[in-house]
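Encoded as structure tokens, the following chain is the form predicted alone, with no partner shown.
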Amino acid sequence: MAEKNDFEPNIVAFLCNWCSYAGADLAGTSRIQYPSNVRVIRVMCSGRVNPLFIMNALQQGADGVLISGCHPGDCHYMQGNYYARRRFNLMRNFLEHLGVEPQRVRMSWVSASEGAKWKEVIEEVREGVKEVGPMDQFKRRQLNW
């Protein structure tokens, strides 16, 4: 049981450049402490996150993935976050079909002025992934040629 409590998950976060990345940046510049085991990948729009990016992150060793973009109606590209939401729902259903726990892949809306919300979101993601434990079923095996 102590092993599960000591587990610190690797989380990959795909953040939209205009809102969520700026919100995470605001959290940093405001010195709001949030978990350091998050690897941020900045994308121009959450609608540009290909579902294969999520699969690849899980295969490369991520225990959880977060996709975060502008609030609905605030997308700088008009409909990008709506596309992201549709893709996310399809992807989540597909991953559940494959046996991946829903806590591992999450989506959120964080604006540029919500540094404190960024902290809450990333802590929720971390706690959800800690609850289900390490992700070993998709990791690529290293081949010895």
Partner chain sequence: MVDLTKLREMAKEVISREDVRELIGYRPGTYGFRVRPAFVTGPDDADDLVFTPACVNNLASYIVLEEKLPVKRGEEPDLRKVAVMVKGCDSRALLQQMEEKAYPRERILVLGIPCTGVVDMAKVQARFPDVLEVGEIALEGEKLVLSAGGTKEEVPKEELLADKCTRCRYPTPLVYDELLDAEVERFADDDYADVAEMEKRSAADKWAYWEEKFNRCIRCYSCRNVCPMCYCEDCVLLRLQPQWMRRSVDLSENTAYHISRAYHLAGRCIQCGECQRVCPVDIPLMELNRKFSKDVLELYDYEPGTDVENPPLLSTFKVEDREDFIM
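Every value quoted in this text rests on a predicted model; they were computed, and no experiment measured them. Positions refer to the first chain, counted from 1.
The protein also exists as the form predicted in complex with the partner chain; that form is not presented, and the subsequent description refers to it.
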Answer option from Met107, Val38, Ala62, Cys45, heavy atom within 4.5 Å of the partner chain in the model of the complex: Met107
4.5 Å heavy atom contact, His76 to the partner chain in the model of the complex: no
In the model of the complex, Arg86 touching the partner chain (heavy atom, 4.5 Å): yes
Partner contact for Val121 in the model of the complex: the partner chain, 4.5 angstroms, heavy atom: yes
Non-hydrogen atom contact Gln33 with the partner chain in the model of the complex at 4.5 angstroms: no
Those residues of 35-60 which, in the model of the complex, come within 4.5 Å of the partner chain by heavy atom: Asn50, Pro51, Leu52, Phe53, Met55, Asn56, Gln59
